[in-house]
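Read the single chain below, which is given as structure tokens and is the form predicted on its own.
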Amino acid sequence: MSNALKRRFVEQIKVMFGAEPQKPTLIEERAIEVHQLKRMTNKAELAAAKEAHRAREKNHKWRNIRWATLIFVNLLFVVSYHFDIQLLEGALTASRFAGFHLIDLNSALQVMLAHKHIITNLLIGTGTVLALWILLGGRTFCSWVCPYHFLAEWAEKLHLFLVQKKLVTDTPIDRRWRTVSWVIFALLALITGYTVYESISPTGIVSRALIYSGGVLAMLWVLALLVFEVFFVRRAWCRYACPIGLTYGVVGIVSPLRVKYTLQGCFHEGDCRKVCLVPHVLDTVIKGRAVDTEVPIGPDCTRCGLCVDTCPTGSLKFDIKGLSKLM
């Protein structure tokens, strides 16, 4: 890893906790050459090439695979419970797959803080889930498994439609609130001895509602969140409040699965940032920001694949760290 990439890696971790992306102070020489070459490119030809790519039929490959995976996982809970086939028991918070215990990382942390000691019985299930999400990318959980994410994605489409019609405006919130939220709920668990967050977590509420039905009051809370996101703040819960997202983001720091950006063919038209749930992770695609010719996207990326589907030049692709050297 080049020195510029090492520095960017640290900065991306700070960005995950709420810092604003900064212009790079160190750029590798090979990337500087590409940036300079692009400045000499005829702007009219570049604009024409952008429009030609945008005119092509839209690609939803990764979105469709992701939606199918998310629906399958959550339906597996429902089918297992209602037909008593005992394949995947419980809910997303805590479950058992083919006899193996699985504990959501944030839930396990909350429980241990509430009990003020490490619970041995939780370690196996937590370790299994930790290993799984290290391999799969940390916040991959958010976009590929979380049922609230699916609902919020549709609410986001409605929000963007209303914004386009100038009926509502997006009001971004300081991203540092998510870190504050994480600390507050951790302290509440430690002080009260009760996993306060689990009672309001839309992830757990929607998961339990799907499997066991009921929970009308809790679902009203989820509905209120979605209404707030439609009319006031785009993806408010996922971007600015969810402690689960931050926990899995930390896991994603060491994950080999990531989205990788290639500078050479990028038009810098910004279509990827428009569809991204967490556009701060894509600051590297802004003209002049890439610190190397190939740059891994930061750990707060949910690996949803929307940017990969949208990129007109294939400059953003899924990548497994080190795999290219083995092949």
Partner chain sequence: MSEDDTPKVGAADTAPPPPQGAPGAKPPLSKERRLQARRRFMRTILLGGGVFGAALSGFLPVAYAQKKRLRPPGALDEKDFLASCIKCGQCVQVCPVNAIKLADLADGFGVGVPYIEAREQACDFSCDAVQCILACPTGALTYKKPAYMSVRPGAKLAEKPILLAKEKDPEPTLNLTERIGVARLTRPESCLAMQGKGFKGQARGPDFKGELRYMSVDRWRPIKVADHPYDVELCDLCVQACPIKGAISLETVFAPDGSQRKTPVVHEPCVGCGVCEMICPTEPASIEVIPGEGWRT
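Numbering follows the first chain given and starts at 1. From a predicted model like this one, the values you see are computed outputs, not experimental measurements.
Just so you know, the form predicted together with its partner chain exists too; it's not on screen, but the next bit is about it.
V227, A98, L167, L217: which sits within 4.5 Å of its partner chain in the predicted complex by any heavy atom? The option sitting close enough to the partner is L217.
In the predicted complex, is there a heavy atom of its partner chain that lies within 4.5 Å of any heavy atom of L223, even though the partner is absent here? No - in the predicted complex, heavy atoms of L223 and its partner chain never come within 4.5 Å of each other.
In the predicted complex, does W144 have a heavy atom within 4.5 Å of its partner chain? W144 lies outside the contact set for its partner chain.
I'd like to know if R235 sits close to its partner chain in the predicted complex, meaning any non-hydrogen atom pair within 4.5 angstroms. R235: no contact with its partner chain in the predicted complex.
Against its partner chain in the predicted complex, would V129 count as a contact residue? Criterion: heavy atoms within 4.5 Å. No, V129 is distant from the partner.
Kindly confirm or deny that W177, I200 and H268 each have some heavy atom within 4.5 angstroms of its partner chain in the predicted complex. All three within 4.5 Å in the predicted complex.
Tell me which stretch of 150-158, 253-261, 100-108, 134-142 has a heavy atom within 4.5 angstroms of its partner chain in the predicted complex. Selected range: 100-108.
Residues within 4.5 Å of its partner chain in the predicted complex, restricted to 106-122 and counted by heavy atom: Those in contact are S107, A108, V111, A114, H115, K116, H117, I119, N121, L122.
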